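Okay, so here's just one chain, in structure tokens, the form predicted on its own.
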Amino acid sequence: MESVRVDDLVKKIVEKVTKELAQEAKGRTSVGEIVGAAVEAQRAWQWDYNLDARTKILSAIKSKLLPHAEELAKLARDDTDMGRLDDKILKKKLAITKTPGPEYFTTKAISGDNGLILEELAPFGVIASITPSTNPVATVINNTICMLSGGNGVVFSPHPGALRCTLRTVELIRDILAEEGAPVEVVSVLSDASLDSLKELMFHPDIKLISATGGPGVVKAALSSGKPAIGAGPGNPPVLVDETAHLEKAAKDIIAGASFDNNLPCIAEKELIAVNCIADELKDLMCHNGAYELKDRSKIDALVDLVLTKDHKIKKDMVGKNASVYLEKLGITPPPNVRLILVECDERHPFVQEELMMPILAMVRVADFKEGLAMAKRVEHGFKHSAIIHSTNIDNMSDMAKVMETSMFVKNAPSFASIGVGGDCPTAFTIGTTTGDGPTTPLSFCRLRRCVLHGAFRIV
């Protein structure tokens, strides 16, 4: 009965979005027209809406989007055929409730014998935001709040595999903007998710900044545009467990992080490196908390063939499935509540070297922390994205932080603590590792302006 209601809901949503897109076809349909309308709306948003007004409108977006979290999660799952519904609902709620807004801005004032200097952050203008299939809805919500907080406008370019859920999310946001009396076109979207439209958007003269969340190809294209860009590139985050770790907590945290939305987030644990003296106990604890260890070498080889091509690249149709799906395809009856497949192997194995985005976790043994750290550095491939450690040794935690140089580094928690799940940090679904921006906030989408008043306003 539930599935029927969900199918009916999706059908109604698709019909409504399709109808609205058809109506738009009579008006603004080209990239140029969409950007032109966004430019006009952005100017109004920047000059006619002060910080207090923006704060109230963005608060309304958050409160009015929250009841739609489950609807958008179901649509994203159906659109992409990836991930876990419960985790997708959590991601939507996270983006809505923990994305920072205008309150994040502060003014820097410096006074001296020669007067006063003010430094403030100002909008770029209209931003092109390229969104992924792995976190489509959460990225749209997160970027909308961050970008609008700084006075910007945004035109989203959806991933072709997540078009419906992206259009629906933007539709809801625009409805709320209209209800609040704000310029609707300040948040826009391309209904044509083609490569030609994307290129036209990136190279449009009125696009002042590009935010690219996706694979290496998309990020490279954004960086080649000749415009300022924030590139959220690939990652292959290692998790290292040493002999001082609280093993039961480490086991539960690793399973939670590595299986979160079936390992789709780029921050998630992608390979496990364990000091040999605790490896067996760690594996046993993981297998008692939702992991299934695949031991048969022939089954491991079959799993490789199932999810990877002959040149060890991921098969896109295998990304983000439940762990039970892979086991069933191998002829294995999955145990109840299995969330993660554990495979012990060596460093050269493709499950270690490739970012799978599947709930399949390779485990490699090392003699000690020093060997494990060196391996973690190698298998992360210099992306400088994310890394995780479980340890109570302060020196080990400090050394790994220094050596890895990653944008995100988590100690003694699941990887998703770095985006605000069970942690105090703000939420970010665009992690600008390629361009060095790190987890984005409203500050990331603004430019610095300096105002100098010579010879006055020093009062002491």
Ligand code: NAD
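A residue's number is simply how far along the shown sequence it sits, counting from 1. Quantities reported herein were computed from a predicted structural model and do not represent experimental measurements.
Below: the form predicted in complex with this ligand, not depicted.
**Student:** Within 4.5 Å of this ligand in the model of the complex, heavy atoms considered, which of Met357, Ala362, Leu373, Leu340?
**Tutor:** Selected option: Met357.
**Student:** Can you work out which of Gly257, Gly150, Gly83, Gly233 has a heavy atom no more than 4.5 Å from this ligand in the model of the complex?
**Tutor:** Comparing distances to this ligand in the model of the complex, the residue within 4.5 Å is Gly233.
**Student:** Thinking of this ligand in the model of the complex, which stretch from 155-163, 330-338, 241-249, 174-182 has heavy atoms inside 4.5 Å of it?
**Tutor:** Within 4.5 Å of the partner lies stretch 155-163.
**Student:** Although the partner isn't part of this model, could you tell me whether Asn262 comes within 4.5 Å of this ligand in the model of the complex, counting any heavy atom of the residue?
**Tutor:** Flag for Asn262 set to no.
**Student:** Wondering, does Lys316 line up within 4.5 Å of this ligand in the model of the complex on heavy atoms?
**Tutor:** Within the cut-off, so yes.
**Student:** Give a yes/no on whether Thr144 approaches this ligand to within 4.5 Å in the model of the complex, heavy atoms considered.
**Tutor:** It does not: once this ligand is placed as it appears in the model of the complex, Thr144 has no heavy atom within 4.5 Å of it.
**Student:** Tell me, yes or no, whether His385 is in contact with this ligand in the model of the complex, where a contact means a heavy atom of each within 4.5 Å.
**Tutor:** Yes, contact at 4.5 Å.
**Student:** Which residues in 122-137 have a heavy atom within 4.5 Å of this ligand in the model of the complex?
**Tutor:** Residues within 4.5 Å: Ile130, Thr131, Pro132, Ser133, Thr134, Asn135.
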